[in-house]
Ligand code: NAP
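First, one chain by itself in structure tokens, the form predicted on its own.
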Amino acid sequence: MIQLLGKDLRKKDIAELKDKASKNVNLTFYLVYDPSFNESCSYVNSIIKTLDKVGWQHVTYKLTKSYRDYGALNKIRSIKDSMVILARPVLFDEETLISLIDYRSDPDMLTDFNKGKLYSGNLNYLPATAMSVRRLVEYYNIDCKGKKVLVIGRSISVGLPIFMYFQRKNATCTLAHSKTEKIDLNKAIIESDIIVLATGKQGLIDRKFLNNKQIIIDCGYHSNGTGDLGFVPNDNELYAYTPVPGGVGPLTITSLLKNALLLHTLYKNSKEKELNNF
């Protein structure tokens, strides 16, 4: 069984980003998070560690008091020349927060403008986790054409963009979610060549439905140190899988920073008219 690891790509990413920073590509990141969620705090700390390695600046903004925190909201709305990262989950309405972010400052690729680019077929606008999946698939030369791909999860930042990616790679795709009947989900698991787990929930897959020709890409991470799969496959249980930790996770933050670099490169010194026609 092949382990699809992200560490080598991450090392290359860090080297590339440090090189850009050393050549006066100076980016500042505003990290917006809700301190009442441990997941958000942990994610922000991981981003800060990576930014410090690269040499880019960061500022943290805590969301408190729900909608009464107008100072933070106004600050998000005013940022035009730096990157804004919204560490989810938050107590605020997430769509409202995303709507305040300028699309040129959106490395998560969640604003309507950037989502429109993705849904028009431009895979450079994949959000960070989805971009990590794409990069692992392409790094390991996984042929998707004509393969049956099951994506479990339909979030705007992970499941849906991953579904879009595999569609563009000419796979035959099925999207399952919380309302999918268990019997239908099990049938799709049995029939799939590639299974992507992107729900944040464990226990959705029974190992008896797996076979040694399948690939599992696990985008989850839980406090017990495992992913959405919830168990470590046996050597002959799958053809390949992304271990947790070590698979998709190591690439998520560097893919986020590479997205920021892309936006910076595209939009620096551009006029608004040119941006809208891009």
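Residue indices: 1-based, along the sequence shown. What you see is a predicted model; the values in this text were computed from it and never measured.
Below, we refer to the form predicted together with this ligand, which is not included among the displayed structures.
- Residue heavy atoms within 4.5 Å of this ligand in the model of the complex occur in exactly one stretch of 73 to 81, 113 to 121, 97 to 105, 150 to 158, and that stretch is 150 to 158.
- Residue contact check for T174: none of its heavy atoms lie within 4.5 Å of this ligand in the model of the complex.
- Using a 4.5 Å cutoff between non-hydrogen atoms, L126 does not count as a contact of this ligand in the model of the complex.
- In the model of the complex, this ligand lies within 4.5 Å of some heavy atom of Y221.
- T252 belongs to the set of residues with a heavy atom inside 4.5 Å of this ligand in the model of the complex.
- With respect to this ligand in the model of the complex, the three residues K179, D228 and V248 uniformly fall within 4.5 angstroms at the level of their nearest heavy atom.
- The contact residue chosen from L86, A198, I195, M131 relative to this ligand in the model of the complex is A198, the criterion being a non-hydrogen atom within 4.5 angstroms.
- Think of it this way: in the model of the complex, this ligand has a heavy atom of just one of L204, V137, I189, V90 within 4.5 Å, and the residue is L204.
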